[in-house]
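We begin with a single chain expressed as structure tokens, specifically the form predicted alone.
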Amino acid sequence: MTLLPELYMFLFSVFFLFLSVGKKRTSLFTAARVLALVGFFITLVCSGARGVFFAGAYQVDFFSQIFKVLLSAGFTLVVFMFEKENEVENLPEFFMFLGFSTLGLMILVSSVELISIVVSLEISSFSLYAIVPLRKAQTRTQIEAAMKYLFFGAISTGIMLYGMGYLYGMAHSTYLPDIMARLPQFLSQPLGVLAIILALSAFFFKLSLFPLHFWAPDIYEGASDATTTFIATVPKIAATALLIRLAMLASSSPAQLATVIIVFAAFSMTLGNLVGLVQKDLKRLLAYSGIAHAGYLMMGLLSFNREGNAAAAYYIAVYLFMNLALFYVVMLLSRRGEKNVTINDLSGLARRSPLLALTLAVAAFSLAGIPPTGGFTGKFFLFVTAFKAGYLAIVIIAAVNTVISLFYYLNLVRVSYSRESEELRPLALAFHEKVLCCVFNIVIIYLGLMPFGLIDLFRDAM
């Protein structure tokens, strides 16, 4: 029962592996949705599991199980959102690799040893390398995206391994508690700071945090909508979980690490928001939005205490839903999957589909940090914890960046409600599509108005 979520996700992937061999391809979407939903409930039931495996390298605790529930929820929602068979080639293989990637991320959040971290990270990454080029509308942009993701991912992994080699040399152990116990005596030297930065590079890559952000816009633009939605949300949950685990272990030596985090966060926020102002392609805009939000997220880690870590965990949970909501609008506007949605394509959306325009508005308001949405409450928690920890400068930078981001988030709402469109046909939504839009809207508003149940849960997990 302790390892049931991981075992189930493995069986999910193997099931679609066998389906890919056969010729009968009917009801693939139905099978994927039912199995993903069963997996989510299994993960929820096993959230109270505890255990230590593989000589202490694999730790199942409340912290890891909470993040596995989030990973499973994100995976299930992506599967439910995806329904354009003409967008992706080789559907059974697509679902198989999606399952294997989620499995790797689930293993990652329970890994407390360097080798197991690398193996789980590679299971997830290699699966994503395989599905990025599966978009049917193959153009130079799509092929370029697949090559860039593979190339930059390999580079970030190599840099991470180089840093882990230094950490092992310092601590003479691959276990995170041993490394963090020995790290303070090395952090006063340049080599110690360099080692921890290099070792964290792969997780900065997953978060698309500066300076490992440059892959995101091209991959978001070139990959299929479903693949982009997964890459933009689910891997960031696991990366955040591991960074929080490291922050909890490094609580005795925050000064040098805090300086590094502040620099990366400030550059990430500023670059993401300034470049986002001039974007026309909606997926590229969301890529730069993700770069900026990675900077906001790092503010929670600055305090190196329970409150800050809980705020970071809460924010990534809110980010999952508000980002999925906006990507769902993109997916429904691009039903054929042949071309990317631009900001001009949002014209007249409020008249063509009021519910879809409302979902776009709620998600955009939340990403911008406007009350009463979850994005506002999440940013408030992050700002307060960073301010209490004495980092006023980064709070001011984040507040200025939040104001900058209002321009392009609110522009999406303005175009969809105020601009007339040449396309006058109503955009018909199926019943399950309307349900999913309503779920996103309710969850985002609920997390903004009633945050304390979830934030207390994350505090307990810390």
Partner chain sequence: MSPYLTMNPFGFPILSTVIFLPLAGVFFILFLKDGNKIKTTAFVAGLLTLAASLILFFNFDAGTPLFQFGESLAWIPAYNITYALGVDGISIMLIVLTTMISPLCVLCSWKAIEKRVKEFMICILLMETAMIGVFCALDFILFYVFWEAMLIPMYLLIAVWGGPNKDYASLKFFIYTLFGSVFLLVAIIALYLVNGTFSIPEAMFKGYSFTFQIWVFLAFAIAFAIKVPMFPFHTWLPAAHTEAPTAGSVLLASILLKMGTYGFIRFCLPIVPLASIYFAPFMMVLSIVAIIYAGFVCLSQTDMKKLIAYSSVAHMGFVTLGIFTFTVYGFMGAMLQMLNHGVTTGALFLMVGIIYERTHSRQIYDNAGLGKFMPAYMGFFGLFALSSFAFPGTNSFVGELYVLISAFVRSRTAGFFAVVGAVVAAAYMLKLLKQIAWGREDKRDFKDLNVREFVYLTPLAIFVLWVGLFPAPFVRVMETTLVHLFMQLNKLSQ
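Numbering follows the first chain given and starts at 1. Note that this is a predicted model, so its numbers are computed, not measured.
Here the subject shifts to the form predicted in complex with its partner chain, a form of this protein not shown in this document.
Contact with its partner chain, judged by heavy atoms within 4.5 Å in the predicted complex, is confined among 372-380, 214-222, 109-117, 182-190 to 372-380. The candidate spot formed by 400, 407 and 417 lies fully in contact with its partner chain in the predicted complex, as each residue has a heavy atom within 4.5 Å of it. Residue-level contacts in the predicted complex: of 82, 203, 365, 75, one residue has a heavy atom within 4.5 Å of its partner chain, and it is 365. Think of it this way: in the predicted complex, its partner chain has a heavy atom of just one of 359, 233, 268, 385 within 4.5 Å, and the residue is 385.
In the predicted complex, residue 49 stays away from its partner chain, with no heavy atom inside 4.5 Å. Its partner chain is not shown here, but in the predicted complex it comes within 4.5 Å of a heavy atom of residue 449. Using a 4.5 angstroms limit between non-hydrogen atoms, residue 60 is distant from its partner chain in the predicted complex. Within this chain, residue 460 is remote from the site of its partner chain in the predicted complex, having no heavy atom within 4.5 Å.
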